[in-house]
Every structure is written in C-alpha cells, then in structure tokens.
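Given as structure tokens, the chain that follows is alone and in the form predicted on its own.
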C-alpha cells in the first residue's frame, strides 16, 4: 500500500526508529533480539551527536530519584556489556566520587544519601576526609569528604554506539544513515515516514531523535519542549597516572577522569552554543576556563598540564531535566529522547524499555515521571 501524500514505499519493517544515537541503536538491538524487523533512520551517522561525543560516564551516583530504578537496572547490563554486544565498549568499572569542599556540602550529601536509602537504594555512601585522601591522594587538602559509588565506571561513547549498531545489524536490523525525516503520516494503521530519498512503512514508530525529538513529536501532534544544548568537554596532554575512577564536585560543575594513556578528560555541564539547523556547536571559552579552574582547584597537579582539545555535542534538554520515555498519544508510537546530558548510562536499559513498550505496551520499570503528556 502506498501513502496518498508520499511516493511509493521503498522499505517495510515491523518498526521504524528515528535516530541512531545510543538509545535508538539500543532499541533496535533489543527488538532484533526478539526477531522483530527494524529500520533505523539517521539524518547524519550513528553517534554523530550527544551519544558519540559525551564524557562516557556510567554512573548511578547523583541520579534524579525518578531515574534511580532505571539506572540501577542499566548498571547490571553495563557490568556484562561485552557478552551483550560482543564488545567491551571501553567500559571500565570504577569508583564514582563527588567531592565536598565545605562542611555545608558534606551535610548536603548526607541528606542526599539518606533520601536515596529511603527510596530503597543503598549504593551511594559517604566517605570522610581521610578516606577521600586515601582514594584520591592528589586531591586538594581543602576537600573535606565526599559521596561515593564503588562500582559505577565509564566507557568509550562512540565505540559503544557502534557496538550496539553492529550487534543490531548482525541480527537483521537495517540502518539508513544520511536519511533525514521530512514527513510522517499514519494511514490505515500504518506509519509512513517520508525522507528525502525514500519512504519507510511500518506499523510502529519509535522517536529516539535526541535534541530533534521535539520536532518528531510535533509531527505526531505532541509538544515536548526540548531545547538544544552544547555540552563542552576538554582533554589534556598525557600526565603520569594520579587518579582512578571518575570525580565530580558537589558545589561546582565537574566530571573528571584520567584514561589509561594518561590524558585527562574534563567536563561536567558547561555549555557552548548549539545550532540544530546546521549541526554545529560553538565553544564558550569563558566556560571552558571556569571548568579548567575547577579541575586544578580540586586537583592542584593539573596546573602542570595543558589542554590539547575541546569540543561540544548537541544534546536535548527538557524543562525538568529528565527524559521522555513514554508511549505517544498517537497510536503505536513511542518516545525515548531528551536525556538532558545524562542519558549515556541509561542507554542499555532505555532500549529494553522501548522494546517492551513496542511489543507488550508495558514494562516492569516505573515510567510515570517520564510521560510526554507531563508537558
């Protein structure tokens, strides 16, 4: 059957996924594992934006309480990631520590840990100043303690996206990169997705379009209020090994880790300028300077190195800072976007959730806070 508003259908599948970031690739993989035929449409290439250029944090530490059940479930997949996608994704299980620089920050962390325990989770713990210095010998003496999760970690973002894509392809999922969605229409229980070079037909549709997720939702008749942000990162020249794990700061914006080759990644949320229309980002060097100053304040050893590269990826931010993971108000359509700068760790479980919704209209994880109609 051909649509009345588009040319004839070029491709058919059980499910069409829009967006080949980590969540789109993960959804394709989980569906392919169930024998579902999938086509993934990507306007650029898999991992082009936030999924492939983020800090790679695999953390439960500091999660929004609504995300906690999802994050804990995803952590279990990460611990067995090589067996799942035939690639270790550069994943390293390690401590995640958020440093407190003042007694007030330490008190705030204690309150947080108690809230997490009251929610039924016990992975976040407090550490005192002596323990902090034992774990981070090069941390500044003014730091008074912190909050820790022992077995979070980090991974290589672009490698992870490609591993999920390749595993999904090995099971029959089809990917069309460089294919931008122009029109979406539903006729007689079928979705027709019109692109510049093809028309795809599928009974079910999944929106994993990241910062462009709001535009796809609008084509389905929904408002999602997603803004584009450009989260900036820097990497240094190689240094002697001085820190393991991932380090943040309670009172400042920081995500800090040293790789096995000695380079140090500095990020944490300072924003540049994102331009969705032409796929570009522009760095804010004043923000980068603040981030670098924070890094050398927490770790004075950083004064001896230099920054060799900085970049930013385009990410979708929702007004409340948590994603949309939800059935659409349109029939047989689903959303998984707007991860607001912290969706990488959730990728493995995000795909499982969307697969469950597509196949069974339900999942065993709580999704009420992530409904699209909350907007």
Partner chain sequence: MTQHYEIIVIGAGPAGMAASQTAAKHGAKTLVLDEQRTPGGQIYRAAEANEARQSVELGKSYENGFSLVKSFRNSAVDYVPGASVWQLSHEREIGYSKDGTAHIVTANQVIVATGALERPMPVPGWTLPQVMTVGAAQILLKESEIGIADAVFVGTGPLLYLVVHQYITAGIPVKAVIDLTPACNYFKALAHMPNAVFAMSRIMEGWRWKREIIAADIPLISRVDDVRILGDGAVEAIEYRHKSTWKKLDCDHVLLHQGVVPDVNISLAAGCDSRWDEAQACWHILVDEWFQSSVEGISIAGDSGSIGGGVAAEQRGHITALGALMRLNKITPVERNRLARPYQASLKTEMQVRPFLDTLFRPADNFRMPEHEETIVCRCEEISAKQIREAVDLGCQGPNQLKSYTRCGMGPCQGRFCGLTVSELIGKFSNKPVCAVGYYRLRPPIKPLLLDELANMKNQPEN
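Just so you know, these numbers come straight off a predicted model, no measurement behind them. Numbering follows the first chain given and starts at 1.
Quick note: we don't show the form predicted in complex with the partner chain, though the next part is all about it.
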The unique member of 310, 68, 32, 322 whose heavy atoms fall within 4.5 Å of the partner chain in the predicted complex: 310
The unique member of 199, 126, 288, 132 whose heavy atoms fall within 4.5 Å of the partner chain in the predicted complex: 288
Non-hydrogen atom within 4.5 angstroms of the partner chain in the predicted complex for each of 162, 263 and 283: yes
Answer range among 345-353, 41-49, 60-68, 23-31 for contact with the partner chain, defined in the predicted complex as heavy atoms within 4.5 Å: 41-49
Contact flag, residue 72 vs the partner chain in the predicted complex, heavy atom cut 4.5 Å: no
Heavy atom of residue 195 within 4.5 Å of the partner chain in the predicted complex: no
Contact label in the predicted complex: residue 296 to the partner chain, heavy atom within 4.5 Å: yes
4.5 angstroms heavy atom contact with the partner chain in the predicted complex for residue 305: yes
